[in-house]
Every structure is written in structure tokens, then in C-alpha cells.
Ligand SMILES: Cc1ncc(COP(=O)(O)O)c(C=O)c1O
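Okay, here we've got a single chain as C-alpha cells, the form predicted on its own, with questions on binding and movement later.
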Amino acid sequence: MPPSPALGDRALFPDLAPRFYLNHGGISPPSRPVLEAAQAVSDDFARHGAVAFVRCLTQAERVRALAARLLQVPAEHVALAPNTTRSVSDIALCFRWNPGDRVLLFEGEFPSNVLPWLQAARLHRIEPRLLSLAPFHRSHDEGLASLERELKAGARLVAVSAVQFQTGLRMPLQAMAQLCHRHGARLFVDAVQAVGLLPLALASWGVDYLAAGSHKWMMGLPGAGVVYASPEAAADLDPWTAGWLSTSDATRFLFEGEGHLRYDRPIVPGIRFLEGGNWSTSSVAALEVALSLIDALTTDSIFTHVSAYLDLLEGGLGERGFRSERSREEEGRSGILSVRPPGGRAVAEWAAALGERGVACATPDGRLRFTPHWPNALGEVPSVLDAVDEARGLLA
């Protein structure tokens, strides 16, 4: 079992160089137990070769179960994936479209949740429509009303991020799912900025599809992720991207003697057909430990901790003239605090000045973005603000 984590304690990250790492929404540094798990799998392959693969099959089942617990869905409805983008592309291309169908997207989304749908539009001759997020920024009620007007005009699917990467706006997924279903549409969610931080309940909310990579809030390594589909939504997919592991009894020909090599085996039901080939075993091993640490802390506790950190940081930055883009409504908040700095200096200059003072942050599309996670202590906020003061003096 990995060491027990504690909120606000970075003891499991002894090699982390920045004094204040506030870019978990970009790439989250893996903990020492996560790195050790990845190395252990590599060592197993180095010692035993193919025998290690059999053990990885069992490990994959454990990872699916941990992810399902985090998403609050049955484990059989979860599959492993290499990253968010691949899962978005798989769903977009495999969805059973009809020519002329509409897919509703949102302006300002990360490209991973727009470009695959545009590619599907060209391939399947469907109509993509980009909607403004401005109504949702004003209020969830206004945003939902604007979405319903579009759904009344006809749509097969709505694709949205659980949390908007630029501003941190958390979307009302349950209400969006209800609207989609009322008007005969499916809801796809890019949750890479949510899974591992926000409490989720996909089954009860009615979300149809979800994808997330492990290198952000799940605190794993690049090269692993999860994808979910409800049974009803999975039935709307055609397995155009199936591979050798997408079929039932896929490995029999390797272990059970002659006569089992066949190409007509049925495709497995549900979302698991997307696991068509071997995965990054080291990344999956890392993900098992990363999810175990999050499971021990619980996302309820993690989100409460991160919210308290951002409350303190947002207040201090506001006193210094920074303009926050964080939602004024509790239900619209996430683990992201994006601000517009005062003065005319570029955010890249601010990020560089803060980086020199031990503060790691990000600069998406003209914002200065801070994303703490469970290892960040509330007591470090005054020192972060001191670094901001020093950077402001340098850039004045």
C-alpha cells in the first residue's frame, strides 16, 4: 500500500523543485509512490518479459474499479485510454451519426474537445455549431436557457468540458444532461480538469460519455486516462476503431493452443471495445497508485481544501489589483483561479517573474492561472502573495 497522503503536505513529492507548485491544471507532478509504481512495472517486464503482461491485465481491472469509484459508475462501463484527446476522437468518430445531424460545441474550449468533432463533421457530413459560454458565465440559469434554445432547433450531441480551462467555470452537468435527454441528445463531457478534484456522480447525473487523462488532477503520468459511457450511450457507438483486444476471448489464441486464431469474434459490448491494443503499462500502474491516494483523501475533502486555498489567494490578488475570472457562484467554481494582472505587462512576463520566485503557474490565452491541489498547504498563500509583490515591483 502507498504511504498515507495528507492535505497540505507535500512530503510525497520530495523532488518537486518549485516552492509553490500551482499548475496542477496543466501537468501535475507525480508523487514518489506514483513513480515507484511505474518503475516497478518496468522492472517486472525487464525481469520476466511476457509474464508481466498477464499481471498487468489484473492491474488494469483494479484501475478501472478505482476510476469507477471516483466517477460513481459501474466499473464495467469504464475503459482505459491513452489520453483525453484519443477518447474524444474515438467517441466523435464512432458515434452513429446521420447526415445533417448537429453537434453543439462551445467557444473557448480546449482544442481537444473541438477539433475531433470538427473532423467527425467532415467525415459524417454533420453540422457543428459553436455556442458562446458568455451566458453560463453570467449565470447557470441563463446558460441553460440558451442551450435549450439550441436543443429545440435540433441536435444529436452536446460536447462540453466539465471545467473551462481558461476561466475555471464549472458547468452544470446534471442540468445539461437533463436538457439533452429531454430533447433527444447525448451529453459528452471532457473532464480532464475535474476528475481527481471535483466530486462527481455521473450515473445519477445522467452524463452519457466522459473522458479524462491522468496527468492533471488525477496526478498520474502522461499516457493514461479513462473513458466512460452509459450502457444506453455505448449502444449509439459503432466500433470503427476496434483492435485485437476489442473482441471477446481476444487472447485465447496466445495461451490455449491451436485453433483459436479467428477474426470473426464478436466485438465486446459497451465502451471496452475502445481498448483495442496494449496500453502504457507504466502509466496505468502509476494511475492505480495516484487514484488510491485520491480515494484515501476523498474528492469532497480535496475540493474543500483547494477551495479554501483559492479563497485566500483570490482575496489577496484582488487587493493587489488583479481581476479574477472565478465564478461568483459556488456551483460554478472549480480548482482554477484565473486572473488578469494590473498594468500592461504580458502574462508571460508575470509567469516568468513568479517562476523565478518559486511560484509555478500557467498562462492560458492571456490569463494568469493558479491551480493548487491537495499537497498545497493553506499556509503558503502569504508567501505566494509576497512573490507576487516582488514580481509587481520588478515589472512596474
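All of these numbers come straight from a predicted model, not from anything done at the bench. Start at 1 with the first residue shown and count on from there.
Beyond the structure shown, there is the form predicted together with this ligand, which is absent from this document and is the topic of what follows.
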(request) Give a yes or no for residue 220: in the model of the complex, does one of its heavy atoms lie within 4.5 Å of a heavy atom belonging to this ligand? (result) no
(message) Using a 4.5 angstroms cut-off on non-hydrogen atoms, would residue 192 count as touching this ligand in the model of the complex?
(response) yes
(request) Give a yes or no for residue 307: in the model of the complex, does one of its heavy atoms lie within 4.5 Å of a heavy atom belonging to this ligand? (result) no
(message) Since only the chain is shown here, I'm wondering whether residue 213 would be in contact with this ligand in the model of the complex (any heavy atom pair within 4.5 Å).
(response) yes
(request) Using a 4.5 Å heavy atom cut-off, indicate which stretch of 264-272, 318-326, 148-156, 83-91 touches this ligand in the model of the complex. (result) 83-91
(message) Can you pick out, from 161, 167, 230, 283, the residue that has a heavy atom within 4.5 Å of this ligand in the model of the complex?
(response) 161
(request) Answer with one of 292, 246, 112, 299: the residue that has a non-hydrogen atom within 4.5 Å of this ligand in the model of the complex. (result) 112
